[in-house]
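Read the single chain below, which is given as structure tokens and is the form predicted alone.
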Amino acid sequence: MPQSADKVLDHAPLFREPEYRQMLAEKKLNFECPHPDEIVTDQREFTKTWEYREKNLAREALVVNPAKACQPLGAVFAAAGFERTMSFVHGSQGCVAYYRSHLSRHFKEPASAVSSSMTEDAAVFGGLKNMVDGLANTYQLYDPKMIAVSTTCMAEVIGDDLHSFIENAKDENSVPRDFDVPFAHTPAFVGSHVDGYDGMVKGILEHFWKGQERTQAGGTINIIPGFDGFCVGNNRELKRLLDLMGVSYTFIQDASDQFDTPSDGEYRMYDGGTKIEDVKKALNAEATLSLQYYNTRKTLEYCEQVGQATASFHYPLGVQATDEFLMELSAISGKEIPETIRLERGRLIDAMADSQSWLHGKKYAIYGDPDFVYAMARFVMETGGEPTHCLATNGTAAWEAELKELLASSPFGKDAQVWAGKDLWAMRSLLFTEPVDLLIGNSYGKYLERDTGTPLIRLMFPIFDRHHHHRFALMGYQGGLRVLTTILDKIFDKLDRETSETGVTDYSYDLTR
């Protein structure tokens, strides 16, 4: 065998060794009952046609590779953005392992969450005992300042009532009567992670604000970032801009430190997050701004109900979107936008102009969460690119109409197509029948890249196969510059690959571009 104590191979070269190639070939032949190669080839080619595309897009009863996750994942992420908060998921251990692994693989950080460990007996008799014991264990073992409870499919199907269960658990002294245990019902079989995020943030605000008297503090603003895999870089960049303007603000749900702890010999189960006292005081803010509308619809409604002004954005990325965000901040706070920020805007525009000849006319396919797809399509058009396919599996009819209106406002969006509710198997058909230059999404797009040859740019959660992207901002003018550079690098890398053959194509293998 090629592997020995003196020759230890990584898995990538190991499985290319002759012995493994032979083993895998025999496995396929003897155990996989394969169809003849010509039949497989014919079928593969058929799936690249317009005829198959029409059948594919007409699918209603089957979803293949949706570009979304389930509600409880969003709730677990939301809870991580509050001070010393342990996420408690009422459901099975396997579900919680998925949420933790999804977050830890993206952020390369531990993602703490506990489970009520519901099994077959709880599915029949209800999960009250699991809740009573689980809250007691969580309180004693992990020393949280708050426990945020959400649910999985099992708890929702049998109809467990979180409010009554938590009250019963307090009656049995699982946690002190005055200990904070906000909750949100997050059925995983409907909606997506953005709905779970929304439900949990609303649940936490309602827990602290309900029944309290509000005294408005003029010029103060709450900022809700939304579910964001780039929260580490984005939140810090946004705070920098807010501090430069001198705005009085509270970041509601700030996971930037929780998912970026230092390696200094001390393990931090909890780090950073919005302080509980600040959450309570946030009731008095003049306004609450959401950076991602489709992540916070219920939360914004609740903020309006308590008397706050509200405004929302679609992921302020690029020139115009950042302009609108900063001008809204200025209008509410009464603070001027300083010259420092104005210069950053000019530098982004200068960079876009410097690279315009390489960006103009490039066609893009974009997929991900509704607010991100909207923001990315808008920025692409600012660079002279054409967002040909815009897909959000968790997009609504309202999102589709809003994005179509944006695309119609620019000549670069006139041929764009918007796909709400479609999945990545549908995107595959779109890429084969109407090819584009670049694909923008998350790590799952690498299979589309391999299959269709469309270069993938990873700018959306989750990113599993690349490291540390989340540490850099996408929002604001500086974030826009980062996105611009990322797109250009992909364009130039592709051009270098296509012109690198010595004596054949290398007359365009240029040193200066």
Partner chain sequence: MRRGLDLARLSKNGASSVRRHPNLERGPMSLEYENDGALHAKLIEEVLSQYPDKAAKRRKKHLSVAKSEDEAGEEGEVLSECDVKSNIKSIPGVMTIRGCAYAGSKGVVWGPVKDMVHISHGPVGCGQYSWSQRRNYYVGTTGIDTFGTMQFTSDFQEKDIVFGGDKKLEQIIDEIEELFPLNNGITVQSECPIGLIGDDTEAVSRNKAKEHEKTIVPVRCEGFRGVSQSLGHHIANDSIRDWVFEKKDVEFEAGPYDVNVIGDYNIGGDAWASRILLEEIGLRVVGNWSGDATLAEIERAPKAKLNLIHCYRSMNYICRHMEEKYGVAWMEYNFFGPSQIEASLRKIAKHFGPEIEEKTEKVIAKYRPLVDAVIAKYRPRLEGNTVMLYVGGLRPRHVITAYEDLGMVIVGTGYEFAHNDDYQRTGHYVKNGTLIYDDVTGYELEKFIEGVRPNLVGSGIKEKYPVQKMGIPFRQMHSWDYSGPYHGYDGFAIFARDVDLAINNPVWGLYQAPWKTSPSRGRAMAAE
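Residue numbers count along the first chain shown, from 1. The structure presented is a predicted model; accordingly, all values stated were derived computationally and were not measured.
Below, we turn to the form predicted together with the partner chain, even though it does not appear here.
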item	value
Every residue of 60, 68 and 86 near the partner chain in the model of the complex, heavy atom within 4.5 Å	yes
Interface membership of residue 425, the partner chain in the model of the complex, 4.5 Å heavy atom rule	yes
4.5 Å heavy atom contact, residue 3 and the partner chain in the model of the complex	yes
Contact flag, residue 11 vs the partner chain in the model of the complex, heavy atom cut 4.5 Å	yes
The partner chain contact in the model of the complex: residue 47, any heavy atom under 4.5 Å	yes
Contact residue in the model of the complex, from 93, 357, 320, 215 (heavy atom within 4.5 Å of the partner chain)	93
Option touching the partner chain, based on a heavy atom within 4.5 Å in the model of the complex, out of 134, 272, 233, 203	134
Contact stretch among 275-283, 406-414, 236-244, 119-127 - heavy atom within 4.5 Å of the partner chain in the model of the complex	119-127
Heavy atom contacts to the partner chain in the model of the complex at 4.5 Å, residues of 100-122 in sequence order	100, 101, 102, 104, 105, 108, 109, 110, 112, 113, 114, 115, 116, 117, 118, 119, 120, 121
